[in-house]
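Given as structure tokens, the chain that follows is alone and in the form predicted alone.
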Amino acid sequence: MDKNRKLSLLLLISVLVIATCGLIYELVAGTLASYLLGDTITQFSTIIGLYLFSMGIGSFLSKYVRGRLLETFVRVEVWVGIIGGFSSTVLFLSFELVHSFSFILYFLILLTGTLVGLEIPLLMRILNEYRIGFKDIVSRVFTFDYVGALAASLIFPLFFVPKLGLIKTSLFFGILNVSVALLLLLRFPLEFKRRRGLLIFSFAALTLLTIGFVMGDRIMRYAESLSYPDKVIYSQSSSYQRIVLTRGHNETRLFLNGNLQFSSLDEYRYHEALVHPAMQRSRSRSSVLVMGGGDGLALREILKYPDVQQVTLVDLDPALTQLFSGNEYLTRLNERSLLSPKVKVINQDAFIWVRNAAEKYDCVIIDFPDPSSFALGKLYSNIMYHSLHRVLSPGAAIVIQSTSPLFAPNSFWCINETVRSAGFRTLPYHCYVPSFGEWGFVMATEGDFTQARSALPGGLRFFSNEAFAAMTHFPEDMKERPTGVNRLNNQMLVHFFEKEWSSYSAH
């Protein structure tokens, strides 16, 4: 194979690498922004739009590059590796240290996209110099480009995020970008007039990226130490979320994507209020369904009833259920509930699972995370609640954690109205949980509520049937208000939630 053909082949392979790396940087930025800023659809939509726009800028600017195209391409490749590779590190560290996080995020996207947009036009012009027909150049370049994009979209969620995390993933692909530049420099030395300087630049970039990759976990732990007041004792990026456990001098806290899920100091108040009203008002309790609740704490309360024969828990993330069934401290907290022979764990999307479920359940406990994104908002939609009818035994009661009626009253009453629109009778109630403040729940049945049973299981620290009467009273600042129904095509609940909680956080 002559030199021109070898160089052409290597350049075409670099298209594959460029496309893969470029899309990875975009996915990393979108995922990180959704972790830190919430509202997944808005973040991804904004970042994709800005990234494509900046690629257009890069493509436009490429026409001003004249002469030494291969040298320019190598420099661009190294800079893409540096900026894209270190982008997640910069963003994680800057989130708690600067007030202009969004500016830094969008600036990095604009810069990375512009450089990536330069690469393909430069490559096409270089290949044209080596006398490859224009038709062949276009077909080959775009074939490799689209294959690289497909590879990135598959390996990012299935392998890199759960195995390496966001920081090490972006650094790994930064190393790939710089490696392409180095390979060109080493294999075709006569093509470069300033080869020595480019080699030094490339090796320096590769060294920095490699050091960053080796220290990636340490960097992530430091970044998280800035975000959480207590010591981070466990952190993991699963395919679905960032799981973080912190421990202070007298409590452990679970955070999912930065949002507090429970504190070991007062979680019993939340979980007793979530579970026992519905268990007391279900005609039977033989078979119970839990959706969400992968920490096993709601299961702990359910298993206090001796007449419970089986419990099915449906939680999307196996990383969470494995953590809370394998860690010694956490299994003490949930009293080994996930390991009970009565419990069957199903790691699936509850929205899809419930529409195909065949079994009937006497009580349904719904403990999803708050509707802070459209992916979560669908779990609170009228379609989701309509689907529940198919899994209910006669006389079954449902309960849904429903955010705060004090801090997010429109969100709370929207959930209540949406459940009613699906043909249920509802009984909203609330209680005080110190870690969260006033917190709300919506209980529902297909018909009349069964009279509460007087006998509660032993060992409860907070809930009683007498206390429940007070929980159903809403003072003036939490009174019911008209909102509308949360439908898949409007997701009004997510907009309510984001507006109310951002307004509260601003104070």
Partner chain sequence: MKRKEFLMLGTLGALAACGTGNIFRKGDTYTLIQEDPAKKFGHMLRDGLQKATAVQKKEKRILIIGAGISGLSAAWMLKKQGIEDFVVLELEKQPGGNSAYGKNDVSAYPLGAHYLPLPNRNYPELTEFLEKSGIISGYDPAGLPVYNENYLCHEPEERLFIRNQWQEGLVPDYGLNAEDRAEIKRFFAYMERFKEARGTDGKEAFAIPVEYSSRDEAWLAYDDISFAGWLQRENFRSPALLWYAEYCMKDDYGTVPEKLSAWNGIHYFACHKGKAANAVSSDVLTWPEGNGFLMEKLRSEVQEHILLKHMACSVSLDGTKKTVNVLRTDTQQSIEYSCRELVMAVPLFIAARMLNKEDFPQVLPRMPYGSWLLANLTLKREPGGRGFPLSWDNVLYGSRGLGYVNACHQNLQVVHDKIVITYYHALTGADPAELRKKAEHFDAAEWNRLVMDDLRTAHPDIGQLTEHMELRLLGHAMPSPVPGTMRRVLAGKNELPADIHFCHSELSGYSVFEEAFYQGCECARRLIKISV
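Take the two forms, find the largest set of C-alpha atoms that superpose within 1.5 Å, and that set is the rigid core. These numbers come from a predicted model, not from an experiment. Numbering follows the first chain given and starts at 1.
Missing here is the form predicted in complex with its partner chain; even so, the following discussion is about that form.
Fill in: Triple contact flag Y240, I352 and F374 to its partner chain in the model of the complex, non-hydrogen atom at 4.5 angstroms
Yes, the whole candidate spot contacts its partner chain.
Practice prompt. Using heavy atoms only and a 4.5 Å cut-off, determine which of R195, R420, K378, R140 is in contact with its partner chain in the model of the complex.
Written response: Going through each option in turn, the one that passes is K378.
Discussion item. Looking at 380 to 388, 335 to 343, 206 to 214, 180 to 188, which stretch has residues with any non-hydrogen atom within 4.5 Å of its partner chain in the model of the complex?
Written reply: Heavy-atom contact with the partner occurs in 380 to 388.
Discussion item. Residue-level contact is defined here as any heavy atom of the residue lying within 4.5 Å of its partner chain in the model of the complex; does L316 satisfy this criterion?
Written reply: The answer is yes: L316 has a heavy atom within 4.5 Å of its partner chain.
Discussion item. Can you tell me if T483 lies within 4.5 angstroms of its partner chain in the model of the complex, counting non-hydrogen atoms only?
Written reply: It does not: once its partner chain is placed as it appears in the model of the complex, T483 has no heavy atom within 4.5 Å of it.
Worksheet item: Does its partner chain get within 4.5 angstroms of any non-hydrogen atom of I13 in the model of the complex?
Response: Close contact is absent here: in the model of the complex, I13 is far from its partner chain, nothing within 4.5 Å, heavy atoms only.
Discussion item. Residue-level question: is L9 within 4.5 Å of its partner chain in the model of the complex, judged on heavy atoms?
Written reply: No.
Worksheet item: Across 456 to 492, which residues bring a heavy atom to within 4.5 Å of its partner chain in the model of the complex?
Response: Read in sequence order, the residues that approach its partner chain (within 4.5 Å, in the model of the complex) are R487, L488, N489, N490, Q491.
Worksheet item: Does superposing the core leave I352 with a CA shift of 2 Å or more between this form and the one not shown?
Response: I352 C-alpha, core-superposed: shift of less than 2 Å.
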